[in-house]
Structures are given as structure tokens and as C-alpha cells.
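Next up: a single chain in C-alpha cells, the form predicted on its own.
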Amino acid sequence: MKLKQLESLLGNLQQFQNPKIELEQYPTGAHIASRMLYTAENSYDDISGKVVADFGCGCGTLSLAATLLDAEHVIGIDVDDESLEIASVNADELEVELELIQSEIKNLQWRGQIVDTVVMNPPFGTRKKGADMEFLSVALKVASQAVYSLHKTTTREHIKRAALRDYNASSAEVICELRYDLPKLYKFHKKKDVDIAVDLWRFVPKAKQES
């Protein structure tokens, strides 16, 4: 599938109707989502034929991008039931299969590296400090091949240090810097939209230690 076609399909998805600020719910735009997954597939071969998990999947944009790029199985995980309902509707619209699980990421009872690739646009940690790192820590425990994640560019050094030192990453690389167009969703937002510089990271987990 061509990038333009992928972006077009993702652009038609339903997004949050009542976003919850405490969960830092912001839609992952079709522009960023399509490039993130297209790069994961075409530069690194991390999507097609793979088992992919989308942490904090929201309305399913990254999950559905993975299914459209021929992932073998995609699991979307989110704590919010309303978001999961929208993700399910989006999957039906695209006529694709999506497994959806309602859970907090830290409460996932997964043991070992049971998915190939994790993709995520985690909370940036502005409401709940460290939320982004919680997601990253779990992702690097359960993925065997790669973790793709978006983080604010201002946190770059912190992310790299933590991933390599504390979170089981054998490598941590910024693939590209993107502009995240944050629409005015909440009452406290003063501007119509804001551009935030975000890094698209690719982390490679350490191979599981042979016991």
C-alpha cells in the first residue's frame, strides 16, 4: 500500500467525541500515523506478518494502520471503554480484524516477549508525570523485535538514557522529528491549534536472556 493511500484511509476514521483530559487523549493524526507505520514496515520490516500491539490505542489509528499494512495480528489496548468502542467501529468500517483489550498498560499480565512490535503514541506525561515512561518500560518488556513511540523532542536525552540504562533497550534511535498538530480540544486550550515537535523513536529490546 502506498503512503498516500494509507494516510487517506486513516484520515476517514472517527476520533474522540468526548476526550478525557486526565488520560491525555489526543487523536493521532493520519499524517503522523501513516508515516510512523509506513516507516516501520518499509524501512525495518517490523509490521507485515508480525504480531503488533498498540499501547493506549485510543480510537485505533495506529492499530488500523498496522492491519492495513498486513500485520498478522493486531492488539489494541486502552483503559477507556469509549475509545475502544470507536476503535471497533473504525475496524468494522475498514473491514479488518482488530483484537481490543481494556486495561491499564501497567496492569497487563503479559509474561515475556509475546508480541513482535509495539507501536504507541503514549501520554506525554504532562498530566500524570512519568506516564510516557511507564508505557515505554512495559513495551520494552513485551516486544521481541521493536518499539515505535512518539515523545516530545524536549525529552530526547532523558528518553534515550532511561531506555538504554533502565528499560531493557539495546538501542534507541530517533528516526525522524515530526510536527504534532495539537487541535484545540479542551477548554483550557487558548489557541486553535499548537504545533509540538515530537520525535519518532525506534527502540530495539535486548534479546531475552536464555535461562
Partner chain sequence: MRLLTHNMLASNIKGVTNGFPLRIEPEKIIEKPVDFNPDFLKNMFSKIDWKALADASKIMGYAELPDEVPEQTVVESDEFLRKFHHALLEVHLEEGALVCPETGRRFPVNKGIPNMLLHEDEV
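Source: prediction; values computed, not measured. Positions refer to the first chain, counted from 1. Here the rigid core means the biggest group of C-alpha atoms that line up within 1.5 Å when the two forms are laid on top of each other.
Here the subject shifts to the form predicted in complex with its partner chain, a form of this protein not shown in this document.
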| query | finding |
| --- | --- |
| Its partner chain contact at H73 in the predicted complex, heavy atom, 4.5 Å | yes |
| Partner proximity in the predicted complex: S137 to its partner chain, non-hydrogen atom cutoff 4.5 Å | no |
| Contact label in the predicted complex: L100 to its partner chain, heavy atom within 4.5 Å | yes |
| Any non-hydrogen atom of E85 within 4.5 angstroms of its partner chain in the predicted complex | yes |
| Region of this chain that lies against its partner chain in the predicted complex, out of 49 to 57, 29 to 37, 158 to 166, 171 to 179 [heavy atom, 4.5 Å] | 49 to 57 |
| Heavy atom contacts to its partner chain in the predicted complex at 4.5 Å, residues of 87 to 114 in sequence order | E97, E99, L100, I101, Q102, S103, E104, N107, L108, Q109, W110, R111, Q113, I114 |
| Cα displacement of I101 between the shown form and the other one reaching 2 Å, rigid core superposed | no |
| Exceeds or equals 2 Å, Cα of S137 between the shown form and the other one, core fit | no |
| Flag for I114, CA shift 2 Å or larger between the shown form and the other one after aligning core | yes |
